[in-house]
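Here's a solo chain for you in structure tokens, the form predicted on its own.
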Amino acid sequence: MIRLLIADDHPVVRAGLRAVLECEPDFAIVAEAATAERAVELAAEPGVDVVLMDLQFGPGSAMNGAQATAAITARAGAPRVLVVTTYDTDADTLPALEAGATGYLLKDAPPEELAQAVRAAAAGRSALAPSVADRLLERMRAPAAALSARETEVLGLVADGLTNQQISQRLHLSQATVKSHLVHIYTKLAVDSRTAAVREARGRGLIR
């Protein structure tokens, strides 16, 4: 029996996931969490094999899903984390996978694909949405042209309208470092402005 914890701030989503997963004879829903912090607490208790983790939680949660994943997987003997979300940009996938997520699935995945991903995660195998897997392969084939996680984070803040000074304060970096990241981003994306970089990155699915 694979024991599951569902972490999502939307009650309707939790109910939908529960309805789908409870149809599988080898799954048992043992807990639900509406905040990332609660998910971390419940995942630390014995009796959870896989956590189904959303990435974005409401204002009641100070952590996001990637941060919760890192907190969960940092413990010895921790359950596996399978991200189940609506977001599939590099700005979302890279932090989650770097935090220790075993798999990454989108909420529009068919029920059978979700069940397979849960079983794969429980066995320690990767389970990735096709769009996520394709972009990871592209990064491996052309690593010099791929944005790093930090560059993706910086460009995401540029897209949000933040200035270099605001980005430096948000990420605790010097303004010179922020400018350096932007130079690398422009080179990799073959653009020459902030607006063009954001447009190109969105077109490639790198940022939202």
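The structure displayed is predicted, hence computed values, not measured ones. Position 1 is the first residue in the sequence shown; the rest follow in order. So that the term is clear: the rigid core is the largest set of C-alpha atoms that superpose within 1.5 Å between two forms.
There is another form of the same protein, the form predicted together with the DNA; it is not shown, and what comes next is about it.
J.: Could you check which residue among Ala149, Ala28, Ala70, Ala31 gets a heavy atom within 4.5 Å of the DNA in the predicted complex?
T.: Only one option qualifies, and that one is Ala149.
J.: Only one of 141 to 149, 36 to 44, 62 to 70, 49 to 57 gets a heavy atom within 4.5 Å of the DNA in the predicted complex; which is it?
T.: Contact criterion met by 141 to 149 only.
J.: In the predicted complex, does Leu173 come within 4.5 Å of the DNA, counting heavy atoms only?
T.: Although the DNA is absent here, Leu173 would touch it in the predicted complex, with heavy atoms inside 4.5 Å.
J.: Is Arg194 part of the interface with the DNA in the predicted complex - any heavy atom within 4.5 Å?
T.: Yes, Arg194 is a contact residue.
J.: Does Lys188 reach the DNA in the predicted complex if we count a contact as any heavy atom within 4.5 Å?
T.: Lys188: yes, in contact with the DNA in the predicted complex.
J.: I'd like to check something about Leu157: if you look in the predicted complex, is any of its heavy atoms closer than or equal to 4.5 Å to a heavy atom of the DNA?
T.: Leu157: no, not in contact with the DNA in the predicted complex.
J.: Is the C-alpha displacement of Leu17 equal to or greater than 2 Å between this form and the one not shown once the rigid core has been superposed?
T.: No; Leu17 is a residue whose C-alpha shifts by less than 2 Å between this form and the one not shown when the cores are overlaid.
J.: After the core is overlaid between this form and the one not shown, has the C-alpha of Val154 moved by 2 angstroms or more?
T.: Result for Val154: yes, a 2 Å-plus shift.
J.: Taking the rigid core as the superposition reference, indicate whether the CA of Ile167 shifts 2 angstroms or more between this form and the one not shown.
T.: Yes, because once the rigid core is superposed, the C-alpha of Ile167 moves 2 Å or more between this form and the one not shown.
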